[in-house]
Every structure is written in C-alpha cells, then in structure tokens.
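Form predicted on its own, single chain, as structure tokens, below.
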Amino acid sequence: MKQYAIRRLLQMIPTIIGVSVLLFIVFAMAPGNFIDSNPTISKERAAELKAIHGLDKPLVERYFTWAENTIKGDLGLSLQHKQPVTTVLNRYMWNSFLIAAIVLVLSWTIAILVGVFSAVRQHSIYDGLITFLVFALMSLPSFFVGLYAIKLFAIDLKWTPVGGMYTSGSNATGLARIWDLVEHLMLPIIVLTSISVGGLTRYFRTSMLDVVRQDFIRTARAKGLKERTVIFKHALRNALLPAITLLGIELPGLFSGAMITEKIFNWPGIGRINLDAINARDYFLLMGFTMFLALLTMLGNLLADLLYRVADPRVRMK
C-alpha cells in the first residue's frame, strides 16, 4: 500500500506539470485582461500595471515565474479584489464547503435509502414513482429550481430569507447568529440536494440491482437469513463499493462551489467569486483556483484507488 501510494504520487508530478502548462496557455490566449478591460485606467497606468504584474514579459518567462511562485504557495494577486489569491480563496472557499458538505451527507443518505428500497421493490408502484421523480429532478436546471424555491418558500410562504449568509444589519450573537445562518442555509441546501439526489439514486439503484442478482445473495436467502440482513448487511455493502470512485470525485466538489446557485441566493461562496472573476477577467484568481481544483481531483482519484484496495480484497494493484 505504501509503495503504491508513493508511486502514484510520483506519477502525479508530470500530470500536474502538464495541467499547469495547458492551464496557463489557455488563459494567456484568452482575449483581454483585467487591466485592458478597465476603461478608467489610462494607457500609461495600464502599461505600468502590466510591468508590475509581469504581463509585458514573454509567455515562456511568464509561465516559469508563475509556476515557481505557485510551488512556493504564491498564486499571485487578484487584480479585482486587490488581495493575494490565497487570501481570497481562503475567505470564500469555506462558505462553499459548508453548503457542499451538508449537501453531500444529505444527498448520499437519501439516495442510498431510496435507491435500495427502489431496487428491492423493482417494477412496483413505488419504484415507478421514484423513477419518475428522479428523472424529473435530473431534468430541471438549477436556476429554475432556485428561483422557484425563492418564490415559494421566501416570498409566498415567508419561511426563509431570500438570500445572503446573514441578515443585513443584524448584530445577533451566539445561538441567535447560528440560527440566522441556518435559516439562510436552508434554501441553497434544499435546491442543491434535490438536484444531486436524482442521479445518485439511479446510481445506487442500478448498483443494488446488480448485486441482488448474484449467487451469494441467493445463498444467503437459502440459509434462512432475514431479508433485512440480506439486503443491508450483505447486498448493500457490496453495492457501495463502486461508489468509492464517486466519493473520490466529490472531493473537488466540496471546494469548487456552485456558481449558479450561489449567484441566485447571493451566497458569498467561491463559486460566485469565480463567476465574477470570469466576468472581470481576473485571470490570476481563475488560474489559481483552477489549479487548486485540478490538484484536488488528482488527490481524489488517488484516495478512491487506495480506498478500493482497503474495502475490496479482490482488487490487486501492482
């Protein structure tokens, strides 16, 4: 296990280098930048700012300077926020992580339970209803669900705030401030959970159907085990093994934020900040954030492979 992990980490080095080169070239080829797109800056000041940030240097020199600084943990300066990129990411990323972590737990819990019962009762009315609801949730865009949730729960029923993270002008502290946060979390969590639970439910249902048809399940039933024991102790444990890969992919999703949902609910998360950076052509922020997600994606795949080795003894890695 240790040797495999070390070998995989070493194999990630050329991948990271390739991703960084491709990432830098894409943003370097993008038309304009934050300085040129700002009409309030004079030509003299624009030339001065480009010299300060190294934008007037050759492309190859700019890449190696950026790569060297990135290795040192310096992702550059966000021209839009006038702060280091690491400071901006650290400020907003954890707001997105809070929502994403809650949505991950809720969506996986709901999807596993609903998917298992749907597979056990295949072709029943319950299974047909679940299938219909799943496809309905998968077909609805997030902006539609978000706007409809605001109209229904915030405007018509007045159960939740319209958006934001805290009530504007509120001086609440302690439990009152925590409850204020919970109220503002409700709508984004409901929207993101309802959108993500559909695909996960289909995934777990299909995986469960493959397992319950296998011989060891028939053997367990032939031994006289209770159906609950057969399903939840034997079938479910094996049906969850393919989900390890899916769980590894969720790692970058915990930090990437949800652009559209955060924008709709005015949530100060990294997804909304990333969307604003695209509009403002804040390429230093975009490159730093994208490079961070690429690294998390590779680490997530590595974590999934290691978990596979621990969970399934049939898997043999050289």
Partner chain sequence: MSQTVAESTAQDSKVQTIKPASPWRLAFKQLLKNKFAVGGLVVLVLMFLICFIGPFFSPYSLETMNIRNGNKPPNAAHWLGTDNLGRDILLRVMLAGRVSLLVGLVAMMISVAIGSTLGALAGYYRGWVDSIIMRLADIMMSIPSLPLLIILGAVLSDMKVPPDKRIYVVMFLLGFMSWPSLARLVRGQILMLREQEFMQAAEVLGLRDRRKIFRHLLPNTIPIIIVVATLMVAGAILQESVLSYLGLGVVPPTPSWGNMITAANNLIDFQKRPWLWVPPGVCIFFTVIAINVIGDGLRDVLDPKMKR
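Source: prediction; values computed, not measured. Positions refer to the first chain, counted from 1.
Another form, the form predicted together with the partner chain, is not on view; read the next lines as being about it.
Visitor: May I ask whether 4, 106 and 117 all come within 4.5 angstroms of the partner chain in the predicted complex, judged by heavy atoms?
Guide: No: none of 4, 106 and 117 comes within 4.5 Å of the partner chain in the predicted complex.
Visitor: Residue-level contact is defined here as any heavy atom of the residue lying within 4.5 Å of the partner chain in the predicted complex; does residue 151 satisfy this criterion?
Guide: Close contact exists here: in the predicted complex, residue 151 approaches the partner chain to within 4.5 Å, heavy atoms only.
Visitor: Might residue 203 be said to contact the partner chain in the predicted complex, defining contact as any heavy atom within 4.5 Å?
Guide: It does: once the partner chain is placed as it appears in the predicted complex, residue 203 has a heavy atom within 4.5 Å of it.
Visitor: So in the predicted complex, does residue 290 come within 4.5 Å of the partner chain, heavy atom to heavy atom?
Guide: Yes.
Visitor: Might residue 157 be said to contact the partner chain in the predicted complex, defining contact as any heavy atom within 4.5 Å?
Guide: No, no contact at 4.5 Å.
Visitor: Under a 4.5 angstroms heavy atom criterion, identify the one residue in 113, 138, 178, 71 near the partner chain in the predicted complex.
Guide: Partner contact (heavy atom, 4.5 Å) among the options: 138.
Visitor: Scan 232, 132, 94, 216 and let me know which has any heavy atom within 4.5 Å of the partner chain in the predicted complex.
Guide: That would be 132.
Visitor: Among 138-146, 235-243, 185-193, 96-104, which stretch has residues whose heavy atoms lie within 4.5 Å of the partner chain in the predicted complex?
Guide: That would be 138-146.
Visitor: Of 271-309, which residues get within 4.5 Å of the partner chain in the predicted complex if you count heavy atoms?
Guide: Counting only heavy atoms within 4.5 Å of the partner chain in the predicted complex, the contacting residues of 271-309 are 274, 275, 278, 281, 286, 290, 293, 294, 297, 298.
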